[in-house]
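The same protein chain appears twice below, in two forms, each given on its own as structure tokens and labelled structure 1 and structure 2.
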Structure 1
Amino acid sequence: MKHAFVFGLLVLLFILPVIVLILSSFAPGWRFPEIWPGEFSLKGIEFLALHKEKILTALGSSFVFSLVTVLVTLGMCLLPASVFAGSEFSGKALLEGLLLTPALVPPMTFAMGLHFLFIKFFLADTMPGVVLILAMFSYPYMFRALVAGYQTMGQEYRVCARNLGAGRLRTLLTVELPLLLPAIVAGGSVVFLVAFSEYFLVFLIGGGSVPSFTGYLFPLLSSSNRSLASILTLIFLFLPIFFFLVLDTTLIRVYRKKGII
């Protein structure tokens, strides 16, 4: 009984919105006071097919800058995280706290100041500019995950590999990175989602010349075409889920092959 109650609550909070979105996708004419759509149609899907190119460009662009942001944050955090996990130094706690602030303070406060600098250095309205601003705002998630990853891994593997004569780069590529993969995936997923779903920063720095899926979706959300907005919102939900599922299964396959699990 208790279980049913908890589940009912979860479904009501988290599944019902998805069901309504699916219904509304296929019922452009769903209006007050109908609780169930009067008629279903594929008008929304037709519109989607008609504007296929624009939508795919926006989607592809969002995907690319989010993935690049993940890679950039990984590059930023890999070495510093190993230092933080493996050594004690004075002021460590303070420095760690300071390094986490970009994810806490409102991103507007530094992004709008940076906008000026980006215009001067021709980074405004470009993909690299968008990636930089997104990385600056989302790297703390990668950093935290990597520090935790290094801590669970411990020093022994690296020391052992180095003792056996492996170079620094080789140790990193063949020993450390594979062992850190779960942490990288965990941090990377969060960074990806943050970058993929951000609207304002992309709008500010990308200035409309960097297409993004959020930018495409935004004006539709307050328009009267709820069917189309619902379809695009569902894409937003299922695309990352699909992406993560593929990632998960490949990872498990890789681990099996390497005999890690």
Structure 2
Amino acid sequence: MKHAFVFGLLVLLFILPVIVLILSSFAPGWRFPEIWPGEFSLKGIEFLALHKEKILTALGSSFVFSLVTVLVTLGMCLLPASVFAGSEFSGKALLEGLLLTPALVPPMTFAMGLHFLFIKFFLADTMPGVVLILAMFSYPYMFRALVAGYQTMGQEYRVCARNLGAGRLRTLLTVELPLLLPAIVAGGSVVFLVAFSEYFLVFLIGGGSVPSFTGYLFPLLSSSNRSLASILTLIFLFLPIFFFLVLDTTLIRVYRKKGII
């Protein structure tokens, strides 16, 4: 009974803001202290249809650089996670703490020093620069997930594959990555959310040249067009949910095909 109450409370806390956003999408003039909108309008939908190309471009750009960020962080973290999970050495705790620093430092502090270097290396105002800064900021989430995945997997499968003649690359592709798939999905989900919802880093490094959904959304949040802001916020909310549902369904089918579940 207690668990059902807590679950119901959490569902209510999630649904209520969504209901407010839906009402606000069709009621641009809804203001405090009105409990219920006095007038409904489709101006937000009309504006969305009129500027759909810009919005879809920003949405597609955010989706692409978020997915690429996940792949880059995966490449960055595979070897360090394998070493940290299977080795004990002096200063390991200190080094691990240093590797997790980007997750603890505010994005502004983290990015301002790197911005000068990105300008020197011609990475500012480019998509690769945005991906790189997001990967450097969010890789600790993938790193921790992969360390836990390697610890759960153990060394036996890798040693067995090497004893049977598999090389390092084949062992990685056919043994380690399939067994690390749950950890990759867990870490990649967090990295995707961080990259997709990041505004300051994309704006600073992208310089406005790299379109992003948050860059289109944030100015609207403080504007008078509350209807369009509510609609875009709903899209911002449900797109990652839809993506994770598709990912979850795909993984279940893959596991069932392999007879794991």
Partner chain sequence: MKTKFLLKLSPLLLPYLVLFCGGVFLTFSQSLGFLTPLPYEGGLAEAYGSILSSPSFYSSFFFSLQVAALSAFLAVAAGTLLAYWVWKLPAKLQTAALIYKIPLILPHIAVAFVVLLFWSRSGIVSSLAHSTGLIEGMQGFPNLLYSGWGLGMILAYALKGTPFAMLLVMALLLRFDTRQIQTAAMLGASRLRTFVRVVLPRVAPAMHTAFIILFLYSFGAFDIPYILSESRPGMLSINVYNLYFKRDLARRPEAMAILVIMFCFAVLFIFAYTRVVNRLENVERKI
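Reference numbering: structure 1, starting with residue 1. No experiment lies behind these values; they were computed from the predicted model shown. The term rigid core refers to the most C-alpha atoms you can superpose between the two forms while keeping them within 1.5 Å.
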Legend entry - Displayed copy of the chain that is the form predicted alone: 2
Legend entry - Rigid core fit then residue 10 CA moved by 2 Å or more between structures 1 and 2: yes
